[in-house]
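In the block that follows, a single chain appears as structure tokens, in the form predicted alone.
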């Protein structure tokens, strides 16, 4: 029999969860069926979907490739200024995403490296490359934090045993550490992808929010809402919710199966 304390916590959890469901679910009731279908198959929406998925996949891959050695370094090695590195890498999670967008725009634009990259014909703002860069910088701190916790959870004694048996540090990392951390790595990959898909402010500043050029789903929602096209805006929002729901559901199912 459940105690009063247990019932209290279950009720609080249920009420807030239902509130979230109502708030998000209400968005699905706003557009008409005809309006939703028309917006969904419009040239603008198809472009936004394609650009969002392509840039997010590239960004997520780059984030994972970078965060694996970084998270492992912070978890296993001791070196000077390690505490400062951790603060710097955690910092973007503490301030608004718009700050990252402005900082990247200044760094990649005329106030930063653009004047030198221009000599080689390279432009890293207001194009798809800018979107990838923005998504990368927004998602990386979260990925490092998650994978750092995963590596901390992996018992270092397994690595010590592997090294004592004559395996190199790299062999131990790829054959012992990574397999033990596969659940956390998978979860990090899914959350990173979802974070890249939902990136808005940084993409808006660095990508420019240009119609049919740097228009991701979040940008499409913003642009159409500002012009009063509610069906297009809500359709973009619904697609973001569906994509996020699927990615999180896949992660939850996979992790649950691994623990059963």
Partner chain sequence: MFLEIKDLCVDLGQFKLENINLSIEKGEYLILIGPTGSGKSVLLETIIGFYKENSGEILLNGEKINNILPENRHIGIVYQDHVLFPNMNVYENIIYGLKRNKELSEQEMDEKVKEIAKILEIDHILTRDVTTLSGGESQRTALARSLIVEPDLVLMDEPFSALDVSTQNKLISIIKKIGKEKNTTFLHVTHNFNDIWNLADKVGVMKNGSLHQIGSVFNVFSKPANDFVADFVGIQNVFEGKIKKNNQNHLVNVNINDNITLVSSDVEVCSHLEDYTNVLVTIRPENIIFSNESMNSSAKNILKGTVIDVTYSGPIMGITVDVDGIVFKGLLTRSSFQSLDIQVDKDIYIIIKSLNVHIMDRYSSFKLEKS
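Residue numbers count along the first chain shown, from 1. All of these numbers come straight from a predicted model, not from anything done at the bench.
Although not depicted, the form predicted together with the partner chain is the subject of the following passage.
Proximity to the partner chain in the model of the complex, taken as a non-hydrogen atom within 4.5 angstroms, holds for one residue of 165, 122, 98, 84, which is 165. The partner chain in the model of the complex comes within 4.5 Å of a heavy atom belonging to residue 161. Among residues of the shown chain, residue 157 is one whose heavy atoms approach the partner chain to within 4.5 Å in the model of the complex. Although the partner is absent here, residue 118 lies well away from the partner chain in the model of the complex, with no heavy atom inside 4.5 Å. In the model of the complex, the partner chain sits beyond 4.5 Å of every heavy atom of residue 89. Partner contact region in the model of the complex: 175-183, out of 74-82, 130-138, 105-113, 175-183, criterion any non-hydrogen atom within 4.5 Å of the partner chain.
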